[in-house]
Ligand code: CTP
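This document starts with one chain, in the form predicted on its own, laid out as structure tokens.
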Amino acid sequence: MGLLKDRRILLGVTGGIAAYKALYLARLLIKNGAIVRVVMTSAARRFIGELSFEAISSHKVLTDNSESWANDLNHIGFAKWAELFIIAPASVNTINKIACGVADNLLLQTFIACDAPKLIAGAANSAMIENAITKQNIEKLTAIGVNFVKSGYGALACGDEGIGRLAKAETIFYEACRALHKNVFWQARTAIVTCGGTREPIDDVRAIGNLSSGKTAIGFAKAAFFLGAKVYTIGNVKDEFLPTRHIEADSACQMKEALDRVIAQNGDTKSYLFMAAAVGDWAAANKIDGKMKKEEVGATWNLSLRQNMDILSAIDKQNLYVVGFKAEIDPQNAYASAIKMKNNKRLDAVCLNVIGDIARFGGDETKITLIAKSESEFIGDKLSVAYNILRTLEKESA
């Protein structure tokens, strides 16, 4: 999916050892369709040259040496051009200057002149980024609409260990997608997405599972995040770079308990539940403590199973818009099975997926028929399909 196709993103780079990581971020933005221009401080040029950014972006970098008023290579031209302004890495000096309205270099002048959404990813020593002055200024900027990407924890260039590492490029990229795609409808809503296949324990080391990769679920979690929703993921699959609230759950019982907690916490808002996890239909009738020895069992073994709980039927659906997922092998009876599921489990919508040439377990492409107030068919990569389904549900709620 060209998440940022033809979107105009201005990348500001300030002084610090993390400046080289901005190259990877620029490449990631461009790979997803964005047009990227770069403005650098003099301090940033001490760590990395502008030629590297020009080679990646195919655009002249704005610096003290390159500024021109014969074209738009200046702080006003860049400010008017940008749809999103990202500063990554942002030094503590830059963050604190912005909060005080200081504009004593080209990057700061461009930032203040720009009316586009702004995203700042700080990188500094822990003592500097957690200083009371810096924290107060971050809160001040957040209050006026500047978005911050939380710094990571780990080994710092100075030898210390703590908070202050530049966030991963993928995480900054996801936040950029959110800044450009979010809308009023989804910003007012919570999206709960169950992910992956369940694993029901046989003993302490073995389990009954299924072939679900969780890719469809992650597609829905990403799409909901990009559109501005508060997102929870529940299951044994997650995207490590996606800044959602994740709750680990392996079995159907664990998933049901996690769902109950999240639904209760968000009971006062209109939440959307995307039950995309492949919950196993069967579980071991009696879980064995410890590890069962094959020498004691013999050459053959009969495992007694019980029917697993039906999470969709059991959860409290008050204030929930519930979307069920139905994967079928038989195309002749798939639609009737999805309608039966929707009616019997009192669902608002069903995503019907017939496993075949396009839709495969573990594949990146899918074909989904959305059965809601109306019916629509979506084909493409799993993120694109999820995004278009969410937009469709949004329109149906209008």
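Predicted model only: the values in this text are computed from it and were never measured. Position 1 is the first residue in the sequence shown; the rest follow in order.
The following text describes the form predicted in complex with this ligand, which does not appear among the structures shown.
This ligand is not drawn, but in the model of the complex it has no heavy atom within 4.5 Å of G77. Under a 4.5 angstroms non-hydrogen atom cutoff, this ligand in the model of the complex lacks D239 among its neighbouring residues. The closest heavy atom approach of K326 to this ligand in the model of the complex falls within 4.5 Å. When contacts are judged by a 4.5 Å heavy atom cut-off, K345 counts as touching this ligand in the model of the complex.
Checking 120 to 128, 309 to 317, 224 to 232, 79 to 87 against this ligand in the model of the complex, the stretch whose residues place heavy atoms within 4.5 Å of it is 309 to 317. Residue in contact with this ligand in the model of the complex (any heavy atom within 4.5 Å), chosen from I56, A43, L28, M341: M341. Taking A191, I218, A167, A277 one by one, only a single residue has any non-hydrogen atom within 4.5 Å of this ligand in the model of the complex, and it is A277.
Interface residues of 36 to 50, taken as those with a heavy atom within 4.5 Å of this ligand in the model of the complex (partner not displayed), are absent.
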